[in-house]
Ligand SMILES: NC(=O)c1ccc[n+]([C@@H]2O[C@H](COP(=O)([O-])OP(=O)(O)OC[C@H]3O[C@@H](n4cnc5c(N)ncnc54)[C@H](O)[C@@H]3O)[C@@H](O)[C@H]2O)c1
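The form predicted on its own is given below as one chain in structure tokens.
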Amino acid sequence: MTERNIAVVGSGYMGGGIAQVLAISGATVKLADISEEIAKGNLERLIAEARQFVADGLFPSNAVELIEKNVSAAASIEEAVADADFIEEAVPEKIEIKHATLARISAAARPDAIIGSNTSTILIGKLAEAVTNPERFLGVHFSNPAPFIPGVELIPHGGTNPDLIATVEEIVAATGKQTARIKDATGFVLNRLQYALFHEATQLVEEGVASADDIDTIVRTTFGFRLPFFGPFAIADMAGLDVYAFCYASLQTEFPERFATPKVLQDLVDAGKLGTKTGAGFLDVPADRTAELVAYRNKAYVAMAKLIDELGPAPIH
């Protein structure tokens, strides 16, 4: 990454965090905002944050040195992007602001510069309307807090040149993060799932089934406890897809439309593909790996419990 020139446009908490991890990975980063004064002020904040993160053992010991060496505040968006190989837009989540910013970026950047947007929910194809040479544009969605959340969504639009995706994967991988390729759909994957969970949680509060505090406790200590290790399809495969189908039928006695059995699930059950116990399901984990998988699962959950005990409760109450 030492030869990679990157611009981050938008120096707030998301853009700043992205700039930090890129700089630590060895990239040269120019940070831009609506003024040089704001960019300089936020760069000072990033350095101070990094100093505290190092003291807390959250950043490598040389992080402050790398950020001071590799990040500079640009006088303007145009100056920041002029020589950049890759540009990450991280301005507020309003399409008119993003359109105006992306138009400035694409007008001033090299024709071959890759442009990414950190949008959380806006269609990449819609944002691409403001980009000159939109084939070099895609979504590159980091999560808050950017320095510490390891997953990044990569979202090409219909006209994105597929050859550039591997380059962006290399840039992100150099920061130690993991990428997943996502099709362009409103909300992508992260927020479709996150807001679906939040919507159902608010329904439970409104129906008086449980308090917000008790719902948070259930999520943290049951299925949420599994999620650092297994996604929803791995969890379903291990539980048994026939069991899931039975549970959907039970939920339908009260909520027939809200919890209609997904066709993809019913098709697998009808085909006798019930998850790990049959060696075929959503993920097709071989049945002879079940014992190994269960052993890993149990070890992971005990390790998670020890970590939570070591950290103590979150300072919410």
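Residue positions are given as counts along the sequence shown, with the first one as 1. This structure is a prediction, so every number in the text was calculated from the model and none was measured.
Quick note: we don't show the form predicted together with the named molecule, though the next part is all about it.
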Contact stretch among 171 to 179, 158 to 166, 83 to 91, 240 to 248 - heavy atom within 4.5 Å of the named molecule in the predicted bound form:
83 to 91
From the list V54, L265, A287, I34, which entry has a heavy atom within 4.5 Å of the named molecule in the predicted bound form?
I34
Can you pick the one in I124, I77, I115, V71 that has a heavy atom within 4.5 Å of the named molecule in the predicted bound form?
I77
Classify F142 as contacting or not contacting the named molecule in the predicted bound form by the rule of any non-hydrogen atom within 4.5 angstroms, answering yes or no.
yes
Taking any heavy atom pair closer than or equal to 4.5 Å as contact, tell me whether M14 reaches the named molecule in the predicted bound form.
yes
Taking the named molecule as it sits in the predicted bound form, is I95 in contact with it (heavy atom to heavy atom, 4.5 Å or less)?
no
Would S120 sit within 4.5 Å of the named molecule in the predicted bound form, counting heavy atoms only?
yes
